[in-house]
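Presented below, as structure tokens, is a lone chain in the form predicted alone.
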Amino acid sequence: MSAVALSPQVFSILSGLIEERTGIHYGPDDRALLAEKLEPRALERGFESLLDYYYYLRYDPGAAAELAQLVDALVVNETYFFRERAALDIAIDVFVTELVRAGMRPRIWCAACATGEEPLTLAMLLDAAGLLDAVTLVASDISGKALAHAREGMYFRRSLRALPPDVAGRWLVPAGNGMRVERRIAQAVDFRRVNLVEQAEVAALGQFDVVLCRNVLIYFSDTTVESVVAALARALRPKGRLIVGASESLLRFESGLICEERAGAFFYRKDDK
């Protein structure tokens, strides 16, 4: 057994702290999974027990910096270019195009963007529609490591597995054994570090016409989902749309947003009042 084994009691307080600070929920069946992520970090930092590591994260002045490092080990950065594309096409072809034609400059936010494939896909689709220079595109994640990857703009086979044939050579150029995002596309995205459970950080971004928060709510408890969705709803302009993952639904939550379906994709619209 590891010298820093995660007992049920310590799992309870550590998982509670992680959920409080990051929103990531670990149920009782996830104890081994969390231990696998925590033990190497605790050992690296010189802790002899995960209880000591918990006290450090809870009370030490350096806890915030350590938690930022720990987050890189906790988050799931499973994403790829052109994932669940239908909703992106509709958002651009209908919502964004309508606003640009009305003389507005739409603001789009990709929340929890991981290593950046989603906002970069949006930038490519906006460029194809001739709208890239007419839109403000913000992307955020809690993981500094993931954001560094996104800013570097270098991607490999796993991220490229659903790439349409007309993309390579147009917006992605071969580089070594991977592909690099064309500079103009990369520079169109404003990457920022934002913790979705910190409402002040969300509010500081301002308001948006389209917010994407896809395939992240599944890692939160219902209570956290309600809190995060409320913050995202406040970040929407009147008539703005929130887009979640295809396997996620907000219908059982009192979000105050109106669900609408277009061509099989679901959007949550803020009232225009």
Partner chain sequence: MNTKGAPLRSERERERIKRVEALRFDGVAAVPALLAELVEPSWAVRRAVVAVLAGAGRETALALCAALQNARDDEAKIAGIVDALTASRVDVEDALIELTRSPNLAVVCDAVQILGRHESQRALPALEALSEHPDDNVALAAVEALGRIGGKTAVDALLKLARSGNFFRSFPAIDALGRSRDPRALETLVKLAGEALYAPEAVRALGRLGDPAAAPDLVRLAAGASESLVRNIALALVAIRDQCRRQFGTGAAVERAFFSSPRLPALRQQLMQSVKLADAPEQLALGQVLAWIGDESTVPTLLSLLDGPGAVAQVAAASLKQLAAVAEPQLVEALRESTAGRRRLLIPVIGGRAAAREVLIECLEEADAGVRALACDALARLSDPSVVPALFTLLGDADGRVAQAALGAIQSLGSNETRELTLRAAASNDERIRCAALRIIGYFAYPEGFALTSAAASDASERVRDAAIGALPFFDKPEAVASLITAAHHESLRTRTAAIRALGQTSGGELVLAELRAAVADESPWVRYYACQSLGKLRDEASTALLAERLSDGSGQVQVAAVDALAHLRGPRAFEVLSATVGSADPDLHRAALVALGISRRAEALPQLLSAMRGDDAATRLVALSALAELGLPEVVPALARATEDRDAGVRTAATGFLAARSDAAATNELIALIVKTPERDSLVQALGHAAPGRVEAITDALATADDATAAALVGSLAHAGSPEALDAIRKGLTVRNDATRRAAAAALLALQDAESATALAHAALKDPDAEVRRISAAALHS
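Positions refer to the first chain, counted from 1. All figures in this text were calculated on a predicted structure; none of them were measured in a lab.
Here the subject shifts to the form predicted together with its partner chain, a form of this protein not shown in this document.
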Q: Report whether the minimum heavy atom distance between D52 and its partner chain in the predicted complex is within 4.5 Å.
A: yes
Q.
Please tell me whether any heavy atom belonging to E261 falls inside 4.5 Å of a heavy atom of its partner chain, as the geometry stands in the predicted complex.
A. no
Q) Within a 4.5 Å heavy atom cut-off, is I13 in contact with its partner chain in the predicted complex? A) yes
(Q) Considering non-hydrogen atoms and a 4.5 Å limit, does its partner chain approach A246 in the predicted complex? (A) no
Q) Pick from L205, L34, L43, L67: which has a non-hydrogen atom within 4.5 Å of its partner chain in the predicted complex? A) L43
Q) If contact means any heavy atom within 4.5 Å, which of 121 to 129, 197 to 205, 139 to 147, 75 to 83 contacts its partner chain in the predicted complex? A) 197 to 205
Q | Interface residues of 114 to 150 toward its partner chain, as seen in the predicted complex [heavy atoms, 4.5 Å] | A | none
